[in-house]
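In the block that follows, a single chain appears as structure tokens, in the form predicted alone.
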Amino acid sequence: MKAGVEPLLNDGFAGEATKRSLGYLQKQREKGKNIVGIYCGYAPLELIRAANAAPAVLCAFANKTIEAAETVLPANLCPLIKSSYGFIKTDTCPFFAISEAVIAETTCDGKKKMFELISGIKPMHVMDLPQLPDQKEALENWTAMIKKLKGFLETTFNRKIEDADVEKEIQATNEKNRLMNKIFDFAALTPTPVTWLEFYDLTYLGQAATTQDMLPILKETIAKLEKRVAEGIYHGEKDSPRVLVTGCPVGGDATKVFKIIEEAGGVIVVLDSCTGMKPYSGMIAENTPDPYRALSRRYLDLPCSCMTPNSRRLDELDKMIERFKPDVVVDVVLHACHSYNIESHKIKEHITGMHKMPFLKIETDYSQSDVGQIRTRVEALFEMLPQK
């Protein structure tokens, strides 16, 4: 954002999403809440909150812990898994330190085996994620996994989780998601009055914070964005290339790609990942006979590349392209993330074929060694775009 413009979250942590989230969780702990560490967007946050606990997204996005991880893990493994394990091995993740239990989902083989290595440190509950989401059995099995998680949380924290509390959290999540999407709508404006970093700050905090705590923040954010629009304040230039970023979860050191896109003159209007807009894209069915089944359906609908067939990802991309009007699509794939890497071909065919849009796949890790190469490719992509 241009100099002199007040940040949307003007709390001293602008651009420091993890520090803000950690401060929030420490305050929740002081109030008597338990902290539950999570690794993935498939962890049902509503059930955690119904247990009077707070979810903590565990550390997974730093290059500095990978060297320690590679003394145990293979070097040709996904950097997200190596970074996660390196944080545990070096005891440097503050979110893991304050967590009293950990939820682990079997989204990929590397994570499954990594979970075995850390399972003896803190109480851990592994959820077996079905990966054929459209099958009837998938819904039944994931519902059963969610109910097993309920039992784990009740036993671990010696607290009964009532169905009414789960339903209350479902409705709270929907309220939060509706407000988040009002904020996302500002990115659909041309020019856009919001930056990717401001989005990231909000979406990251929204994973840890309750709807009750987020409501005043989100309402104030909407008011600030309306003021920016009224005063003609916008990010980038009026003719900046509009970029939709899709692909692997990205945070920390991997946000180098986002920074390069902006330095090359682009404006990111969509963060299509589970560290961005994806967790807020849908609603959970309310007032159903079985709130756990409702949770199961919503989470199985998340279009991660671990699912097959993952046609929902194409459907969601169609909706985002219609809504945000990007000029280009950039697919960020982490090294050795085979499912996203293979799926990237299907995404390219869909974007260039159906939407006739430029597409760039960037395969990267958490190091700075490829920054120059990425910059050259992004600049070349933008140079190919017609003048507005």
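All values reported here derive from a predicted model rather than from experimental measurement. Sequential numbering from 1, following the sequence displayed.
This next part talks about the form predicted together with a further copy of the same chain, which is not shown.
Put simply, of K64, K346, K325, H355 only one has a heavy atom within 4.5 Å of a further copy of the same chain in the predicted complex, and it is K346.
Proximity to a further copy of the same chain in the predicted complex, defined as a heavy atom within 4.5 Å, singles out one entry of Q212, T92, T155, T308, which is T308. Stretch 144-152 is the answer when you ask which of 239-247, 144-152, 95-103, 192-200 has residues with heavy atoms within 4.5 Å of a further copy of the same chain in the predicted complex. Residue contact with a further copy of the same chain in the predicted complex: E116 places a heavy atom within 4.5 Å of it. Within 4.5 Å of some heavy atom of a further copy of the same chain in the predicted complex lies at least one heavy atom of H335. Among residues of the shown chain, Q135 is one whose heavy atoms approach a further copy of the same chain to within 4.5 Å in the predicted complex.
Although the partner is absent from this view, C108 contacts a further copy of the same chain in the predicted complex, with a non-hydrogen atom inside 4.5 angstroms. Along 55-93, these residues reach a heavy atom to within 4.5 Å of a further copy of the same chain in the predicted complex: V72, L73, P74, N76, L77.
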